[in-house]
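One chain comes next, on its own, written as structure tokens: the form predicted on its own.
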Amino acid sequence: MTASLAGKTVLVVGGTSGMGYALAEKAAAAGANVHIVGRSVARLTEAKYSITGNVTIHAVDLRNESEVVALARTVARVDHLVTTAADNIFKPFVELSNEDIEAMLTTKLWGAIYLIRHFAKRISPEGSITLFGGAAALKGSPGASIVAALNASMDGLARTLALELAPIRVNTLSPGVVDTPAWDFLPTNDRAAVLGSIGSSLPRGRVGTAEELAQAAFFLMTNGFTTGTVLQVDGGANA
């Protein structure tokens, strides 16, 4: 059964840019009451006023459990929880510091744990939790050791919690390389060249778009028979 999002409460963590923003925009267009969570007040404000629909913003640092507790008290009832939050650092394993690893762990893994811990009892029985993993969990890439480990942790977490939290549905969306602002650290010409090179190596012949991943997340939220699933949307990277 495909559920409507009209009038539903959708909490998108990491919804100020890229895939999270595209999903927030899509959910708002479908009539949902969208709550966007992020760290930057400026980016949250920009997102709120650039999305048409019912949008509420919350400045929260997922690395601080007390802030997640306060968020749960503010948003007392949720139908769909989605977290795209990640602080990815790509370096050879031997060059990663404890601080690098801790930054990645606290945002992606502990952030997801805090969110689920404090929102599980607030999610509708017909609702869902969607975690974002990544194709690195299945295909090794130099410099992505901890990113891969964290993406794999999302897969395992979703499969187990789909059993423990049932009938709430829990899934992981696993993107491949997607053209989002996450690549903006590269100069414009280098960015285009890197994404073009990666895209040409894929069966699909290009990298993904934020809108395509938002569409996949929308499916996971609204398809009532999908749970415990890792949905690969990677242009054939793991074919």
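None of these values were measured; they are calculated from a predicted model. Note that residue numbering follows the sequence shown and begins at 1.
Beyond the structure shown, there is the form predicted in complex with a small molecule, which is absent from this document and is the topic of what follows.
Peer 1: Scan 51, 57, 30, 60 and let me know which has any heavy atom within 4.5 Å of the small molecule in the predicted complex.
Peer 2: Exactly one residue meets the criterion: 60.
Peer 1: Should residue 40 be classed as touching the small molecule in the predicted complex when contacts are defined as heavy atoms within 4.5 Å?
Peer 2: Looking in the predicted complex, residue contacts with the small molecule include residue 40, since a heavy atom lies within 4.5 Å.
Peer 1: Taking heavy atoms only, is residue 86 within 4.5 angstroms of the small molecule in the predicted complex?
Peer 2: Yes - in the predicted complex, heavy atoms of residue 86 and the small molecule come within 4.5 Å of each other.
Peer 1: Quick one: does residue 19 come within 4.5 Å of the small molecule in the predicted complex, counting heavy atoms only?
Peer 2: Flag for residue 19 set to yes.
Peer 1: According to a 4.5 angstroms non-hydrogen atom cut-off, is residue 114 in contact with the small molecule in the predicted complex?
Peer 2: No.
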